[in-house]
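Starting off, we have a lone chain in the form predicted alone, written out as structure tokens.
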Amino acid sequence: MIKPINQITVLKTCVIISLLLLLFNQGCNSLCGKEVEGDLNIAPSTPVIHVVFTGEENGYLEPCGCSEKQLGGFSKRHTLINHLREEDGHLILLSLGDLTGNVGRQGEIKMETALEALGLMGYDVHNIGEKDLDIGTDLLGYFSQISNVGFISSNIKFTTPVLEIKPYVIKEVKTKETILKVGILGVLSPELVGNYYHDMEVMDPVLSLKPLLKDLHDKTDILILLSHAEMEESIKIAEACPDLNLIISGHMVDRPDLYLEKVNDTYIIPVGEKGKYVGKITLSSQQKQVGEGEHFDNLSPGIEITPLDGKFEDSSDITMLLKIYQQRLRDEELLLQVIKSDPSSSLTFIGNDDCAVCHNKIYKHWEETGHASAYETLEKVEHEYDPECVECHVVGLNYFTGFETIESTPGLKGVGCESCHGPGSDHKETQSKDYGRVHVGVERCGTCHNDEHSPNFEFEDYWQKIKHPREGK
């Protein structure tokens, strides 16, 4: 429930959260919403703040975008947040967790870059997710000390003293009329964490929240929980902790606009994944006189979900930050640090030029396909030193004798013959007739043409563009 803002005043304060679902109109150049419940009718003098939330980036600093335009990206997000700040400066910016994705040096650089981006945008809080933990407590502690963004976790108990992590944060928003105190907590589901961590313990969320909520009861006006958990678990938390006004959740929810739950007076709102959307809640404080006491109405809930699509320009500040990120990948030569395995049967990759000697007709056809220029698409967006991108644009990056760098293995750039048919060393020596007989289908092509990299992929249509003619006798 909502507590009094000032127990001395005889004015009555009512905090209203208005729920709006954004119409996904790609042709609209401004934020346009659809009213779902109630009529806000906020007077011009009414103090208004906004809670903006994101999370579950999973390492997506920006969408792939090498061939098709996609949703998301820190650059577009910064533009939207700047727009919101121009409308009203009273913003609370919250990050649900999982800034990074894969374990390794690239993931570490990504998280450092992401935190710097959040700092530039003015984020207040980052809740720790399970993938954030994977970078290790030492590095996480370092980030927590140097970042401008506050780290919180209400249910992780760390044994190391280097982490600057708080169980909750109280954010004060001052307006001309009043001061709103917003309590922000964060939990991580134990179900998402393995038992291989020796320097921390992930406690039961409800047992951890109970004493904190009791402590915050008389200190805050609004209580928000960042719940890094699946929606079902967040619903159980809402049932056990009715003091919470709002829970931002939605682990494994791709379309946050399709999900909204209410448990008694607590609303549970998902955040989506991979930074494709930005959620915004509008908080309005309206003062009323009701007798000699104070009265606070229940929340009237609301949210705007904004897809980060082409109508948002890229922020120049974040664009520069991402260029620095790509330069760091190049400077540290991460392409040479890719973990590799041996191809099957001790075969080796030979490159497209060797295939062309005997299969010139097929080679000429391949040269006209998008696969042949796949590496050049990376060069155009300056991602040719990014291992996560290069993997799908060359031959055999994850295998010994496969692509290493454009300087050392130029013959393996592009999606070549051996990307589908496998290493050709034995066939080159023996002209074996059983080589190259592979089943090509959605599963095989979907390794690279997945929903994130190639959202418009239709196997039958794409196959017609790249299938080569039969070899003449």
Ligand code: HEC
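Numbers follow the displayed sequence, beginning with 1. Just so it is clear, the model here is predicted, and its values are computed rather than measured.
Keep in mind that the form predicted in complex with heme C (HEC) is not shown, yet the notes after this line are about it.
Exercise for the section: Would you mind picking the one in 131, 280, 78, 393 that has a heavy atom within 4.5 Å of heme C (HEC) in the model of the complex? Expected result: Looking at the other structure, the residue within range turns out to be 393.
Practice task
Could you check which residue among 212, 381, 206, 334 gets a heavy atom within 4.5 Å of heme C (HEC) in the model of the complex?
Solution key: Result of the distance check: 381.
Handout entry: Stretch in contact in the model of the complex with heme C (HEC), which is absent here, among 91-99, 198-206, 358-366, 230-238 (heavy atoms within 4.5 Å)
Key = In the other structure, the partner sits against 358-366.
Problem - Three-residue site 374, 444 and 448 fully in contact with heme C (HEC) in the model of the complex at 4.5 Å by heavy atom - result: Verified in the model of the complex; spot residues all in contact, yes.
Exercise for the section: Find out whether any non-hydrogen atom of residue 54 is located within 4.5 angstroms of heme C (HEC) in the model of the complex, and reply yes or no. Expected result: No.
Practice task
Indicate whether residue 116 is a 4.5 Å heavy atom neighbour of heme C (HEC) in the model of the complex.
Solution key: Answer no; every heavy atom of residue 116 is more than 4.5 Å from heme C (HEC) in the model of the complex.
Practice task
Verify the contact flag for residue 242: yes if a non-hydrogen atom of it lies within 4.5 Å of a non-hydrogen atom of heme C (HEC) in the model of the complex, no if not.
Solution key: It does not: once heme C (HEC) is placed as it appears in the model of the complex, residue 242 has no heavy atom within 4.5 Å of it.
Problem - Partner proximity in the model of the complex: residue 389 to heme C (HEC), non-hydrogen atom cutoff 4.5 Å - result: Residue 389: contacts heme C (HEC) in the model of the complex.
Practice task
Sequence order please: the residues of 303-333 with a heavy atom within 4.5 Å of heme C (HEC) in the model of the complex.
Solution key: Sequence-ordered list is empty.
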